[in-house]
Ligand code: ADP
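Listed next as structure tokens is one chain, alone, in the form predicted on its own.
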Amino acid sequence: MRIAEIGGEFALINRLMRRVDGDPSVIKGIGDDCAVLAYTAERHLVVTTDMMVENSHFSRGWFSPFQVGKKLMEVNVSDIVAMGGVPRYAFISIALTRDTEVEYMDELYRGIYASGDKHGVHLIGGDTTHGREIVLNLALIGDVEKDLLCLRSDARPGDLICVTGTLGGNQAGLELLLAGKGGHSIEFLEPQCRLAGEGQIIARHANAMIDVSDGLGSEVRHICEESGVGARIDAGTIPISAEVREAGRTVGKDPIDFALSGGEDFELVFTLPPDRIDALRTEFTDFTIVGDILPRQEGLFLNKEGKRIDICRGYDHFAG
């Protein structure tokens, strides 16, 4: 039986992984952006890992090695920021082809260090081997104040669904490159996640939070599944830039689909009690209300021009 036949990537994870019970040191295991471990009286450890595979997550024909290195760090930092945490230390494991040039690796590490310096991350260990394609894996450790820890599982009916920045830029860039068009591609080649300070500000007010790695629809679905709730997303409120709308016209696709299922925008989706909106806006304003959390029985759907549309799942590595 193929993985696609059981439901894809997340069905496979649920099939293979055990929930950890009975260990008080594990605050949160499977099911969030990071694992959360007991650390000190005031802080938890947060740990994440993410992998990038040549010709799946990056192509040497499109990405410079510097851009590959930056992306590797940014995608991991984004997970820790989405927990309300601060990234600290990184470990890297690499499989290289035998013809990989030293100059390529110099530039790749220059990208890793450039992003790490921006976020205050130190690379302190790892492992290297060889393979048929380049495979990069970064494990990242950070910490979070206990009062700021923000999980996917704490959304409540009545919460507003909010998202930082604009969405769809990464997918728009990919679509243009696939179509052989110039223009809006920098968000695909050099995605940038939110800063830890921004995540901490949001975490002081939000109930639940997640980063946008697989599309807005997929991330809201994760929140719903972990929190036991439903949700409505209003299509007309999804923040999409003029450049992304133009990219949609160029390739003949709906930019709302870029935002819902494109992924790798690395913005933050969070749920917020309505009475916390004004307080958050005194500290942080770069966010948009895109929907609300509903009771579970109402399901997850997109409200588009008065029509209820079921939201498909986001990017899946094993989709048929």
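Residue numbers run from 1 along the displayed sequence. Keep in mind it's a predicted model, so treat the numbers as computed, not measured.
The next section is about a form of this same protein that is not shown, the form predicted together with the named molecule.
Participant: Which one of Arg152, Arg194, His205, Arg88 is close to the named molecule in the predicted complex, taking close to mean a heavy atom within 4.5 Å?
Facilitator: Selected residue: Arg152.
Participant: Here the chain is shown alone; which of Val53, Ile30, Val26, Ala279 has a heavy atom within 4.5 Å of the named molecule in the predicted complex?
Facilitator: Selected option: Ile30.
Participant: So in the predicted complex, does any heavy atom of Ser213 sit within 4.5 Å of the named molecule?
Facilitator: Contact with the named molecule, yes.
Participant: Can Glu175 be called a contact residue for the named molecule in the predicted complex at 4.5 Å between heavy atoms?
Facilitator: The answer is no: Glu175 has no heavy atom within 4.5 Å of the named molecule.
Participant: Considering non-hydrogen atoms and a 4.5 Å limit, does the named molecule approach Asp79 in the predicted complex?
Facilitator: Judged by the heavy-atom cut-off of 4.5 Å, Asp79 is in contact with the named molecule in the predicted complex.
Participant: Since only the chain is shown here, I'm wondering whether Glu298 would be in contact with the named molecule in the predicted complex (any heavy atom pair within 4.5 Å).
Facilitator: No - in the predicted complex, heavy atoms of Glu298 and the named molecule never come within 4.5 Å of each other.
Participant: Residues in which of 289-297, 30-38, 267-275, 57-65 have heavy atoms within 4.5 Å of the named molecule in the predicted complex?
Facilitator: Stretch with heavy atoms near the partner: 30-38.
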